[in-house]
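Below sits a lone chain in structure tokens, taken as the form predicted on its own.
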Amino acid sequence: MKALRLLRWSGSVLSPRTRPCCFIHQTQYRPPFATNFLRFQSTAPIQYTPNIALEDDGKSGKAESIEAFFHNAPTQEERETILSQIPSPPPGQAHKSARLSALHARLMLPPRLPLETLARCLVDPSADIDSQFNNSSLSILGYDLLGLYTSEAVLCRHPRLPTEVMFAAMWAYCGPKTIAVITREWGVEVAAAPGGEVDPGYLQCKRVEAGNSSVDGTGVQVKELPIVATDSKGKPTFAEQGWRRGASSKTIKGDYFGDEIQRTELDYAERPELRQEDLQRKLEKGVTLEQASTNFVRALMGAIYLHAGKKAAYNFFKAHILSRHLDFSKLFEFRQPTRDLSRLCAREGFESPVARILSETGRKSRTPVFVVGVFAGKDKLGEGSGSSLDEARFRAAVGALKGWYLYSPLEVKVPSQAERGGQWEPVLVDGGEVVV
């Protein structure tokens, strides 16, 4: 397959100060210390006014004015005053943060990933609504990359997994709770409140109000307020309406974890103001620490992909996500395994399963043990033991079903390996789980 030239199209999600080409020139000639704080290049200096009101007028000149004022500020006190009035640290502050450099070294990130981009990954949209300085665009790319790499790893190594088990495995590998744990393991700390004076090495977000806090001093706690989830059209979701979503609906209309998508990219394309409304609502209400950690890891994945390429992104995914052990056998939950096994044998053309006693001990004692095997003709499909014949037959059927669904080929090549220059070999495509 033809390789893509990332440097040509990555500028759509990278701000001018964090594009790869800019840092190639910066290594050859680094400007003086004061110009590192500039967010945008200015062709003419602006006279510094200490008592100016820094308010957003809806134009792009706000960040340029703030950076120019900060550059021309004569005293450290006035610089700190300006930093306290901007929502996130300037990109030039990244080179002064020892915490950020330690995180870059601790995760063994590629040298092509600059500290400015790593600092941007730590700024949640709830802290800075400007998409050029938060991690919203990078997190969208990282979300798709994590979903692609995880889904192909799960499906190619276990092609017979049922849909619900596949969604559970995806959630276990790259779900929000898992990613929040990974963020804590990396040693990323959260700032008490976002701002320009905060060290860029902290994860900056506006936290959602605690559930036990009082609402406007009325004594009513936030968690006691009724919460009704609504979709993009203002109607209650399927869960609120009492509908039960099937596997087909989760696969076609759900996300990588089978959850209902509130707003799709089509909704944002038809009504661009919806994205700004969502960002404004997130800025006002805040986000949970789990959501902020999830956005950070996804943004870091997207930043590595843009700056260092697909190989570095996949190696980072294998080192931090895919390396975590997951026992797939504990994800199953069968209600009637004997019936499911009979339907499976009928679909695959096997003989009807028959349960036979292999051994037993203490039938008339207080603690008997029975060992039962399930056979299809002369082939033993599964084996189980229990204190009663029904329990042993139940476990034998469960073992037979797990032996079928947990089949894994010896050598597997995922589709992304073909993009990295490897030879593509088709993998097994199973007919799916048994429909009863």
Partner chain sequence: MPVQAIRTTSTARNGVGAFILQCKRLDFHYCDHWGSSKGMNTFLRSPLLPRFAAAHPQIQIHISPRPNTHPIIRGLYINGREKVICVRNLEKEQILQKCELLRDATGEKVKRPKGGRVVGSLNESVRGVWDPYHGGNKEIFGGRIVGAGR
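Numbering follows the first chain given and starts at 1. Only a predicted model underlies this, so the values are computations on that prediction, with no experimental measurement involved.
Omitted from view is the form predicted together with the partner chain, to which the following refers.
message: Just to be sure I understand the contacts: of L344, A168, L115, A355, which is the one whose heavy atoms reach within 4.5 angstroms of the partner chain in the predicted bound form?
response: Residue within 4.5 Å of the partner: A168.
- prompt: Pick from G147, G309, G187, P110: which has a non-hydrogen atom within 4.5 Å of the partner chain in the predicted bound form?
  reply: The option sitting close enough to the partner is G187.
message: Is it the case in the predicted bound form that V198, K206 and D278 each bring at least one heavy atom within 4.5 Å of the partner chain?
response: Judged in the predicted bound form, none of V198, K206 and D278 sits within 4.5 Å of the partner chain.
- prompt: Using 4.5 Å between non-hydrogen atoms, is K364 touching the partner chain in the predicted bound form?
  reply: Although the partner chain is absent here, K364 would stay clear of it in the predicted bound form, with no heavy atoms inside 4.5 Å.
message: Considering non-hydrogen atoms and a 4.5 Å limit, does the partner chain approach D340 in the predicted bound form?
response: The answer is yes: D340 has a heavy atom within 4.5 Å of the partner chain.
query: Do R99 and the partner chain share at least one heavy atom pair within 4.5 Å in the predicted bound form?
result: Yes, contact at 4.5 Å.
task: Determine whether any heavy atom of L389 comes within 4.5 Å of a heavy atom of the partner chain in the predicted bound form, and answer yes or no.
output: Contact check for L389: no, nothing within 4.5 Å of the partner chain in the predicted bound form.
query: Only one of 327 to 335, 298 to 306, 344 to 352, 132 to 140 gets a heavy atom within 4.5 Å of the partner chain in the predicted bound form; which is it?
result: Flagged stretch: 327 to 335.
Members of 154 to 182 lying within 4.5 angstroms of the partner chain, judged by heavy atom, in the predicted bound form: P162, E164, V165, A168, W171, A172, Y173, K177, T178, in sequence order.
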